[in-house]
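Two forms, one chain: they're shown below as structure tokens, one block per form, named structure 1 and structure 2.
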Structure 1
Amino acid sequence: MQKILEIKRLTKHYGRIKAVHNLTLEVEKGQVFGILGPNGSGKTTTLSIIMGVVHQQSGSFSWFGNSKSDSGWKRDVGSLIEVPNFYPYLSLFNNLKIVAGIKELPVADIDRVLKITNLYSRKHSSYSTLSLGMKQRLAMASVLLGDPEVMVLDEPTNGLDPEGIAEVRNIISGEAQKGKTVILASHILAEVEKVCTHVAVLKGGELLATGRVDQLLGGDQVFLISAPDIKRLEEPLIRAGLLKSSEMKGDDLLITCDPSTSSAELNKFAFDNGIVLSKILPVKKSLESQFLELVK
């Protein structure tokens, strides 16, 4: 796999505050790489460093395995970090014209990205007249300008309404399907869970865990089962060695089993023990609980 981004032992302290500490990461081509962490965990600082606006204290990073020139690689990376930064007095078109100028892209591409982000009708409005959501969408448009190989997005759904959030996620998934690499920083677990293939979890500037989203999510299989007198099933399950832990949730029983346990197996076991299950629901252990365990 081609390496898109390599970060080695990156460190940035603001006074006594460790914004990023000894961070090592690798992003490969085609990954949708989530950087997940609570507020102040160093996501934005990391992205600011790799985009060259903040200087690191130590450590290094390289884009495309250093195969592209210093100014050349940024043409292939569309980036939105923190808030959208545009000239309020300029029209959307002129704002994007400046970005296109910097990236040496044809001005003709501006209409395309404005249409993707549903801003085409506002092409000649000045930026200051936009709503917060529209500003965020314009930032998305500027990221998409020139159809870059890599997208670096920092909380791209900030300030968007549910419809806007869905739109942005669709754009990200669409780009990922085209084989584009996406680096997405977010504090919203559901967002990372929905769109990312890989994830790195940060806390206090340090890397807590990294890996495939489904692996990090993997582990034990959890079921919610229900039957009249469900408590009676607990003991045979423990004796059979199937149960790791259990917990009553109202009338239902929440059980944690081995990863290999299937619903059919569980159903058969219950039936063999004289209990007919009225409900059997596999519960995907959410990234949220995983995440909270990690950042504890």
Structure 2
Amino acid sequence: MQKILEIKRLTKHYGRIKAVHNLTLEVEKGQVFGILGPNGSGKTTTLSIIMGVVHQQSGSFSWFGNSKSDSGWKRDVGSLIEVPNFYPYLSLFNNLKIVAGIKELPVADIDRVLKITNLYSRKHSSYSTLSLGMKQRLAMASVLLGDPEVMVLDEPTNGLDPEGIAEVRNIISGEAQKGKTVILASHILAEVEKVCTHVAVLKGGELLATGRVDQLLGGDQVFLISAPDIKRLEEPLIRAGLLKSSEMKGDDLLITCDPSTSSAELNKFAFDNGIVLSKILPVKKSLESQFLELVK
């Protein structure tokens, strides 16, 4: 797999504050890579460094294996680190025309990105007439100008309502399906889980965990089970080495088992021990729950 971004021991301190400390990451072609962390974890600083907005104190990063010049990789990476400064009295088309001129990109590409972001019908509307969701989609359109190989997005759904969040998510998913690489920082974990293939979790500027989303959510099996006198099942499960932890949830029992435990095996085990389960529901671990475990 082609390596798109490589970060090695990246460090940036502001006095005693470790914005980023000894960070090492790799992003490969076609990944939708989420950078997660609480406020002050170093997400925005990391993105600002790799886009050349902020200079690191030590460490290094390289785009496309250093196979492209500075001007080359910057043309192939579209970024949204801060809210773009659009002119409220200009139309969407004319605002993007200014962006295209600054980036030395063809004006002919404007209609394409307006169609991708579902803003083509408003191309002659003034920016001031847009809803917040539309303004964010216009920002995404500016990122897509020139059809870059990579998108770098800092909190792309920040402040949006559910409809606006869904619109931005669809744009990201659509570009990912074209084989584009997306790197995004976000605190909306449910959205990250929907669009990202890989994640890195930061805290205090340091890396806590990284990997595929499905691998990060893997591990122990969790079931919600119910039966008359369900507590009687705990001791046999413990003796058999199947139970790691348990917690009563009303009349149900939430149990954590070995990763290899299946619902069929659990059901048979209960029956063999004289208990007929009336409910056995696998509980999917969420990215949010895993994230909270990592950063607590």
Partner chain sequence: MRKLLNIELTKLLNYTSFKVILILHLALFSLVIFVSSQIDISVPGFDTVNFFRFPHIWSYFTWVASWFNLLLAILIIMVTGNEFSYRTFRQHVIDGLSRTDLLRGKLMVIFLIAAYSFLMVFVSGLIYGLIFTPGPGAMFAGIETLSIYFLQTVAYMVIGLLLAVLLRSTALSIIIFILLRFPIEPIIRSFFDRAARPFFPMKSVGGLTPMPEFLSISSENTFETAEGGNALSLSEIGLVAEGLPLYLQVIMVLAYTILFTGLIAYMLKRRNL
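We call the rigid core the largest set of C-alpha positions that still match within 1.5 Å between the two forms. Since the structure is predicted, the reported quantities are computational estimates derived from the model, not experimental observations. Numbers follow structure 1, counted from its first residue as 1.
Asker: The same chain appears twice here, once per structure, so which copy is the form predicted alone?
Answerer: That would be structure 2.
Asker: Any idea which of Val83, Gly250, Leu132, Val54 is the hinge when one rigid bit rotates relative to the other between the two structures?
Answerer: My reading of the hinge gives Val83.
Asker: Smaller rigid part versus larger: rotation angle between the two structures, in whole degrees?
Answerer: That works out to a rotation of 16 degrees.
Asker: Please give the CA displacement of Tyr127 between the two structures, in Å, after core superposition.
Answerer: Rounded to one decimal, the shift is 3.8 Å.
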